[in-house]
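Presented as structure tokens, the chain that follows is alone, the form predicted alone.
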Amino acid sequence: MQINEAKAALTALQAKLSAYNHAMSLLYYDGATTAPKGTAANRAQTMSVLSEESYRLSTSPETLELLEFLDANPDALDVHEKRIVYLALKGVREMKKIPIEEYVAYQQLVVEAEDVWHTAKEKSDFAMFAPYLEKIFDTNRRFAGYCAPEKNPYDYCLDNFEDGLTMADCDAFFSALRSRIVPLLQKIAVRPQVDDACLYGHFDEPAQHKFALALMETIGLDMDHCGLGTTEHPFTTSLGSHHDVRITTNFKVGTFASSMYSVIHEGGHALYDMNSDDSMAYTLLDGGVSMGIHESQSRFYENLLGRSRAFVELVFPRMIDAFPQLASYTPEQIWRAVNRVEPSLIRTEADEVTYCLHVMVRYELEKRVMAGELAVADLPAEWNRLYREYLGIEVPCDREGILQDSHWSGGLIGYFPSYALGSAYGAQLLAKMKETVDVDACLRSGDFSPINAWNREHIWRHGCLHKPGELLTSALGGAFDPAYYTDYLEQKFGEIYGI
């Protein structure tokens, strides 16, 4: 085989795999948004066929031979090609350790589990979902044993979402956050509470949809390549490449803020996914490099920008246009309301101070279930106990407790620490950005282009070219330090609550 032939074959292979991923992503998106409730079995059948074909193509002897040939000729490869070969070989070698029938069965399981989770959440009935979740945890343990027998199974899961992340890293990180967040929360608790009455009332869905589209345009999303749908749990998905990205939200007529911030959050994900360098389209380098870096972007736009005083002032006229009943309030009142700190049940609607406590609960539970120390059947009771201990609140039902998030139904064991890591990454990225960009001036003027240009240059355009730790260190100009995040929280909420 000649090197140029091998490179051409690698390009064709990635394009074909991208097409399979495109089809499977469309199936997932359809199932989560507009598909009739009774169609899950049909999608699961199709998904099993497509995933089997993708598996066979990825792990065939011809594919392995191609990759090993290229790996043996590094001097003939550029930096992009070397990274692609590394990622592809890593994926093939790992995938080949999993029996094909188990891999295909798992793809079918998570499609079915997603459908059951939706019904279980509607009925607030964890017992309905528990058998599927037990199989998901069991499969993740088994796959970890196949792929990395030398690792703790949960370390393997964490590493899947953040390269190199371990339980030891998470324990140290969460300990650092807890040592400053808990005292801050205690100080806020004895101060007069912020009035958030302006966030509640009747906000019809068409008006919220109009406002959502305005928010997407405001933060700089290309509306020709990014669509908005509705679903039970908001998410972002790239359909084959960064040229087609979909975000979803959930409109609640009783409050506009829930959808507002889910749209900005998912919009941050979409900006990242849509801005890989064009040369990376239909390759393994397309899209975000890790979920921690991904969440740094979504939380950056949602909170560090979206809950700032300058941003609320910027979008206030569009807000009044969509919801005339808010005309009697001031931007300052809205800003304070969307930053009210109060322990609550729902992670996606939690304030910035208590948010990481929600993530810590999920992390502790996942860690114990993966270790065999906690049975799936006992998860609701333990969830409720930890919410009582960490947040001081009682959980009234499964819907507002253990079933609130969709991640477990999709098999995303080990994902949740990424939310807290991303929040902390984002605070330090903002501090670095402010060295060269007047962020507040950008927000006041509504010109997001300098902000987006900085993120594009330091984060987005690189796709998966670098390991997440290397990308973060390069963007920050130094080591990650969670103190930037806790400093930010203390400064912002010290001002709001007069501490």
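All residue numbers refer to positions in the sequence shown, first residue = 1. Treat the numbers as computed from the prediction; the structure is a model and nothing was measured. Under this definition, the rigid core comprises the largest set of C-alpha atoms superposing within 1.5 Å between the forms.
If you look for the form predicted in complex with another copy of the chain, you will not find it shown, but the lines that follow are about it.
Engineer: At 4.5 Å between heavy atoms, is residue 444 in contact with another copy of the chain in the model of the complex?
Structural biologist: Heavy-atom contact with another copy of the chain at 4.5 Å: absent for residue 444.
Engineer: So, residue 26 and another copy of the chain: in the model of the complex, are they within 4.5 Å at any heavy atom pair?
Structural biologist: Taking the distances in the model of the complex, the answer for residue 26 is yes, it comes within 4.5 Å of another copy of the chain.
Engineer: If you check in the model of the complex, is residue 373 within 4.5 Å of another copy of the chain, heavy atoms only?
Structural biologist: No - in the model of the complex, heavy atoms of residue 373 and another copy of the chain never come within 4.5 Å of each other.
Engineer: Would residue 50 count as touching another copy of the chain in the model of the complex under a 4.5 Å heavy atom rule?
Structural biologist: Residue-level check for residue 50: yes, a contact with another copy of the chain.
Engineer: 78, 150, 224, 101: which sits within 4.5 Å of another copy of the chain in the model of the complex by any heavy atom?
Structural biologist: Contact check passes for 224.
Engineer: Looking at 46, 474, 449, 60 here, can you tell me which has any non-hydrogen atom within 4.5 angstroms of another copy of the chain in the model of the complex?
Structural biologist: Comparing distances to another copy of the chain in the model of the complex, the residue within 4.5 Å is 46.
Engineer: Kindly confirm or deny that 30, 39 and 241 each have some heavy atom within 4.5 angstroms of another copy of the chain in the model of the complex.
Structural biologist: Result yes, every residue of the spot touches another copy of the chain.
Engineer: Look at the stretches 69-77, 241-249, 328-336, 298-306 and give the one with heavy atoms within 4.5 Å of another copy of the chain in the model of the complex.
Structural biologist: The contacting stretch is 241-249.
Engineer: Though the partner is not shown here, which residues of 10-35 have a heavy atom within 4.5 Å of another copy of the chain in the model of the complex?
Structural biologist: Heavy-atom contacts within 4.5 Å come from 15, 16, 19, 20, 22, 23, 26, 27, 30, 34, 35.
Engineer: Do you see a C-alpha shift of 2 Å or more at residue 449 between this form and the one not shown, with the core held fixed?
Structural biologist: No, the C-alpha position differs by under 2 Å between this form and the one not shown.
Engineer: Please check if residue 474 moves between this form and the one not shown, taking a CA shift of 2 Å or more relative to the superposed core as movement.
Structural biologist: Moves: no, less than 2 Å.
Engineer: Core superposed first: is there a CA shift of 2 Å or greater at residue 35 between this form and the one not shown?
Structural biologist: Yes, the C-alpha position differs by at least 2 Å between this form and the one not shown.
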